[in-house]
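Next comes just one chain, in structure tokens: the form predicted on its own.
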């Protein structure tokens, strides 16, 4: 991941092994309830981690910050970005919009998002996830939020054709415990959660993890709190010249995964497609016209 797209948590994780014992204790404390754990005074942060105030000062400088105020400023910027609502995002983009047509501005932003995301994604992670999704004995569950629910349903619809044992969780979070009840060790839960993250997703990920499920999270560059339970994470650039976040790059990764899975299981997938087409033909409601 490039320095421009790194969060404070990325920097901490990257340099964790180079820290002293006390600094590692502090780093773990910061990451346990990130980013809230780093928003207090330097004294509070030190007390919560049970280290000295000089330890905090030394570590943030070792991480590349000018001092604790600089470190905390970066955290505040991250928090502000993750809780931005559509009105705030629109005002920010509108105030800096160049005179070019919206089509060109949007295309430039999306292409930049795609390039940055592809730079950040580890090909081995992509391949590992594709392999997991290809294993039909694993139960496969999908869930998304108010906006990302459409992405979860799109992914589910394709995977339901490609392989059996696939489930889309209801949008009603009060029903999620019933789904978790049916999860077995080795099953997969695919979570979509972007900024203005949903606490219910964190609770669901934790519960599924306790059942032995493996979690795959699609999130943004700042990362949903649910990633702490994830085996694999796709962090996608979502900024666009709009009041809304862009789902283009997330959809790109979804479709690439769909192709990877169906290619690796084509013999089985093609048979399922033929059977499905036959069912459509037999069912008058879905019979093709013409």
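Positions refer to the first chain, counted from 1. Bear in mind that the values here come from a model prediction, so they are computed numbers and not experimental data. If you superpose the two forms and keep the largest set of C-alpha atoms that fall within 1.5 Å, you have the rigid core.
Just so it is clear, the following notes concern the form predicted together with the DNA, a form of the same protein that is not shown.
- The DNA in the predicted complex is approached by residue 20, whose closest heavy atom lies within 4.5 angstroms of it.
- The DNA in the predicted complex is not approached by residue 231, whose heavy atoms all lie more than 4.5 angstroms from it.
- Though the partner is left out of this view, residue 68 does reach within 4.5 Å of the DNA in the predicted complex, counting heavy atoms only.
- For residue 51, a non-hydrogen atom is located within 4.5 Å of the DNA in the predicted complex, even though that partner is not displayed.
- Out of the listed residues 242, 61, 264, 33, 61 is the one that sits within 4.5 Å of the DNA in the predicted complex by at least one heavy atom.
- Residue-level contacts in the predicted complex: of 257, 27, 227, 42, one residue has a heavy atom within 4.5 Å of the DNA, and it is 42.
- Just one listed stretch, out of 244-252, 217-225, 34-42, 231-239, contacts the DNA in the predicted complex at the 4.5 Å heavy atom level, and that stretch is 34-42.
- Relative to the superposed rigid core, the position of the CA of residue 21 differs between the shown form and the other one by 2 Å or more.
- Taking the rigid core as fixed, one finds a CA shift for residue 61 of 2 Å or more between the shown form and the other one.
- In a rigid-core overlay of the protein, residue 72 has its C-alpha displaced by at least 2 Å between the shown form and the other one.
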